[in-house]
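One chain comes next, on its own, written out as structure tokens in the form predicted alone.
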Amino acid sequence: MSGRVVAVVGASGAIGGLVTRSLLERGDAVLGTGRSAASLEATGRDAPPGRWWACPLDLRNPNAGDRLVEVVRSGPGHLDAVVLAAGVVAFGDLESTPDDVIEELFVTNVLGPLWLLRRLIPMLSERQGTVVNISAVVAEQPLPGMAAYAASKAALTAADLALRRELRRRRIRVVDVRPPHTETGLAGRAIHGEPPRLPVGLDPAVVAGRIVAALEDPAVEEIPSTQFTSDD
């Protein structure tokens, strides 16, 4: 895959940052997106010249994809893959979860990725590209106290399964990644509620490594939770 151009949405996050560094080490170019320009600058500080573009944007904005397309066209000129590694989490029973929290979960975890991909499909089709969406184990095993979050991730996985078939004629591969609980720190930044007592999660480097490997293997279409181990 060396020499390709990959957009990493959430490039300053725990998993997105590791994916970004791994791709740069392999000789790829990366367009990193995130809400914080300062965090993106720190992420790309040691990137080789000409192989890093920072694109501050808010995934919750329907026009974020238009901005990303502009940066691609004015920068590397093409796009081979996109990794969507941004998301939010909330905890608590449904009755006590405010409406705006439920809305935020779906806007960030489902609508934002779909809005973005709508804009990127023509560009990805030009390169027979790849889409990697990070869902979660709760898409497979919904848990009480996480109904709204689990529903948002299940919706993303459902979209991936449909898009895999829909975009096959465009020669775009869609990979749905459903890691188990991972020590990204996201649970401590929940937009609502307190996380339940959780066992020690997976090392983010394991998830990032599987994502990078999937980008390089055209046979991979999904990575369910059962395929992750701490020994990877």
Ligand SMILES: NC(=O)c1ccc[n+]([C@@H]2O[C@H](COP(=O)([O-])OP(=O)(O)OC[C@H]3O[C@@H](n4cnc5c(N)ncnc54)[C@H](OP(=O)(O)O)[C@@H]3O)[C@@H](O)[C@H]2O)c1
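All residue numbers are counted from 1 along the displayed sequence. The structure presented is a predicted model; accordingly, all values stated were derived computationally and were not measured.
Here the subject shifts to the form predicted in complex with this ligand, a form of this protein not shown in this document.
Colleague: Work out which of the listed stretches, 68-76, 94-102, 114-122, 135-143, brings a heavy atom within 4.5 angstroms of this ligand in the predicted bound form.
Modeller: Result for this chain: 135-143.
Colleague: Heavy atom to heavy atom, is His181 within 4.5 Å of this ligand in the predicted bound form?
Modeller: Although this ligand is absent here, His181 would touch it in the predicted bound form, with heavy atoms inside 4.5 Å.
Colleague: With a cut-off of 4.5 Å between heavy atoms, is Val220 one of the residues that contacts this ligand in the predicted bound form?
Modeller: Judged by the heavy-atom cut-off of 4.5 Å, Val220 is well away from this ligand in the predicted bound form.
Colleague: Quick one: does Leu57 come within 4.5 Å of this ligand in the predicted bound form, counting heavy atoms only?
Modeller: Answer yes; at least one heavy atom of Leu57 falls within 4.5 Å of this ligand in the predicted bound form.
Colleague: Considering non-hydrogen atoms and a 4.5 Å limit, does this ligand approach Arg189 in the predicted bound form?
Modeller: Yes, Arg189 sits close enough to this ligand in the predicted bound form that at least one of its heavy atoms falls within 4.5 Å.
Colleague: Would you give me the residues of 68-96 that have any heavy atom within 4.5 Å of this ligand in the predicted bound form, in order from first to last?
Modeller: Ala85, Ala86, Gly87, Val88, in sequence order.
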